[in-house]
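So this first bit is one chain, no partners, the form predicted on its own, shown in structure tokens.
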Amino acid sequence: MKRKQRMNRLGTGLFTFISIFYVLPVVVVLFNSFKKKSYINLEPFKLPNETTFTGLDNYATAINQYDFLKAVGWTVFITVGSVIVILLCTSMCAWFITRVRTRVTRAIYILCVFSMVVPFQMVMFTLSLVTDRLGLGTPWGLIIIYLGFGAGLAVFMFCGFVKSIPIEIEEAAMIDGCSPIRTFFSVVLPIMKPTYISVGILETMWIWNDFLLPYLTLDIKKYKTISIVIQYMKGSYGRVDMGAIMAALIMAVIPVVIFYLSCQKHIIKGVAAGAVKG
């Protein structure tokens, strides 16, 4: 018993140290966001003092000079729109390929799973070319692109959960006169709520922080996401506004951290629910 307690304490101490190691860079960025930019490179690990403290000037610069709020608006639109489309389309697809067992549905499932292991570098140049030719270089077009790249994981998780739903519930609904569409939205969808929440959280964190897809596909002269704006804070001849970058990073991180902390309990619940049968 004492040995088990010692192991628990050792594990707690180890993981506490690892947690501090991961949180420390965020704390350093937070402190530096309140410093004058000339002192950030000179004293990056020191707390702000009466000489280096600049208040909210860095945040004002990021918002006013670099049009940060507009980037936040486009990022919210792309993230919310993409997550809604991914959840709706992939859940319906997963329900169909799980209940209708044919060679075609098996092939669709295999392709969705295979898409998760294909390196993005293999398709990025072709993606850029297709995006230009189809006119998808807009936030609305980017939502369609995110549907394609986010479908693999979502279909995989939804399929695992649908297999755990007794088919007798759906048969009873159809006997009562429900069409397949009504059966899905009235019976299946409410049961799939844990997986909906889990997939929604994972997709939200990915899309909110993504840089490469928006950078490759969007018309940057018209549309910029948060990650692109932060990248463009690096000026010509190597000039970098470190103060504005630190402030922008904090403003970009806070919403997704709050969102994750408020919903983290649903991630394990949704993954476990989707792993009941396979």
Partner chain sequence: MEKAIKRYFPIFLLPTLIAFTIGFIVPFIMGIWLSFCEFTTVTDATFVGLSNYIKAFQDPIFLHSFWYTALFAVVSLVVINVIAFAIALALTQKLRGTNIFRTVFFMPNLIGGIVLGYIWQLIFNGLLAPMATALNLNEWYGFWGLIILVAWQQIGYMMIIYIAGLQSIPGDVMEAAAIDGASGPQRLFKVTIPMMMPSITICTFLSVVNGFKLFDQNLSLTAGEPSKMSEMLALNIYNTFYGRTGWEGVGQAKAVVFFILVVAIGLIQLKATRSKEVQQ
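Only a predicted model underlies this, so the values are computations on that prediction, with no experimental measurement involved. Think of the rigid core as the biggest set of C-alphas that the two forms share within 1.5 Å after superposition. Positions refer to the first chain, counted from 1.
Just so you know, the form predicted in complex with the partner chain exists too; it's not on screen, but the next bit is about it.
Exercise. Does residue 170 make contact with the partner chain in the predicted bound form, using a 4.5 Å heavy atom cut-off?
Worked result: Residue 170: contacts the partner chain in the predicted bound form.
Exercise. Is residue 231 close enough to the partner chain in the predicted bound form to count, meaning some heavy atom within 4.5 Å?
Worked result: Looking in the predicted bound form, residue contacts with the partner chain include residue 231, since a heavy atom lies within 4.5 Å.
Problem set entry | Contact of residue 180 with the partner chain in the predicted bound form (heavy atom, 4.5 Å) | Residue 180 belongs to the contact set for the partner chain.
Exercise. Taking 4.5 angstroms as the cut-off for heavy atoms, does residue 135 touch the partner chain in the predicted bound form?
Worked result: No, residue 135 sits far enough from the partner chain in the predicted bound form that none of its heavy atoms falls within 4.5 Å.
Exercise. Taking 56, 84 and 190 as the candidate spot, are all three within 4.5 angstroms of the partner chain in the predicted bound form by heavy atoms?
Worked result: No, none of the three is in contact.
For this session: Let me know the one among 149, 74, 196, 156 whose heavy atoms come within 4.5 Å of the partner chain in the predicted bound form, would you?
Result: After the contact test, the surviving option is 149.
For this session: Identify, from the list 26, 69, 47, 60, the residue with a heavy atom within 4.5 Å of the partner chain in the predicted bound form.
Result: By the 4.5 Å heavy-atom cutoff, the listed residue in contact is 26.
Problem set entry | Those residues of 95 to 114 which, in the predicted bound form, come within 4.5 Å of the partner chain by heavy atom | 95, 96, 97, 99, 100, 101, 102, 108, 111, 112, 114, in sequence order.
Problem set entry | Core-superposed comparison between the shown form and the other one, residue 38 Cα displacement 2 Å or beyond | The answer is yes, as the C-alpha of residue 38 shifts between the shown form and the other one by 2 Å or more after core alignment.
For this session: Please check if residue 216 moves between the shown form and the other one, taking a CA shift of 2 Å or more relative to the superposed core as movement.
Result: The answer is no; the displacement is under 2 Å.
For this session: Please check if residue 29 moves between the shown form and the other one, taking a CA shift of 2 Å or more relative to the superposed core as movement.
Result: Shift of 2 Å or more: yes.
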